[in-house]
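Here are two versions of the same chain, shown separately as structure tokens and labelled structure 1 and structure 2.
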Structure 1
């Protein structure tokens, strides 16, 4: 029982560590592409959640709409994204990541991907499934916490 609690705390501490390390990795990757941390975060969200409008992106990234205009200007000028104005609502704009530069980012994350592959070889299929599920559930838990406290 005591062991259980201790392991739980170790998991949380490890998670905190991992977050810092991944943030540093992103910072480094961003540096090589002349991108701010926030800019890379936005690209990341865009790559995952598909094309988005500026307002939706601002909400998901926790940024002020006006701040996002600046970020999008930078990203557009550097050829990372395109602003499409083809929707039914002519006020609205959808942001799309241009595909070729997406590869460029992918390449810079390769070393980390390789390192993760090394870690993963030591686990059985069942264990990998367990880990994947745990990570997904943790991300969801975090998202729920965020949503709950954003209401107030």
Structure 2
């Protein structure tokens, strides 16, 4: 029992350390691109989810819609995103990342992706499955906590 508690605490500390290192990396990338951390978050959501309505993007990024409007204005002015009118309802808009600009971000994260590939080579397929499951479940736990705190 003592070993399990100690190892659990080590895992939690390592996750906090990773969060800090990723925040520093994001801040560095954002600085090179003249983007705020929240701008990168929105671009990442769009890159992973594809074009989204502003309300869907706000939900996925955890932002208030009024806050998102300013972010989208800034990203559009800087040539990062496009707002596309959809269908007959000219008020309906989807947001998408412009492909060339998305590649700029990808290139700056490439050294970290390569470093992660190097780390992953040390693990068996079974271990990688376990790590992927752990990380997915950890993200889901955070989503549950955020959902509860939003209701309080």
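Residue numbers count along the first chain shown, from 1. Just so we're on the same page, rigid core means the largest C-alpha set that superposes within 1.5 Å between forms. This structure is a prediction, so every number in the text was calculated from the model and none was measured.
Check your understanding: Between structure 1 and structure 2, which should be identified as the form predicted alone?
Key -> Structure 2 is the matching one, since it is the form predicted alone.
Practice item. Take the rigid core as the frame of reference and indicate whether the C-alpha of residue 30 shifts by 2 Å or more between structures 1 and 2. Key: After core superposition, the displacement of the residue 30 C-alpha between structures 1 and 2 stays below 2 Å, so no.
Review point. Fitting the rigid core first, would the Cα of residue 107 be found 2 Å or more away between structures 1 and 2?
Key: No, the C-alpha moves less than 2 Å.
Review point. If you line up the core, does residue 120 shift 2 angstroms or more at its C-alpha between structures 1 and 2?
Key: Comparing the forms between structures 1 and 2, which are aligned on their rigid core, residue 120 does not shift its C-alpha by 2 Å or more.
Practice item. After lining up the core, report the Cα displacement of residue 59 between structures 1 and 2 in Å, one decimal place. Key: Comparing between structures 1 and 2 after core fitting, residue 59 shifts 3.3 Å at its C-alpha.
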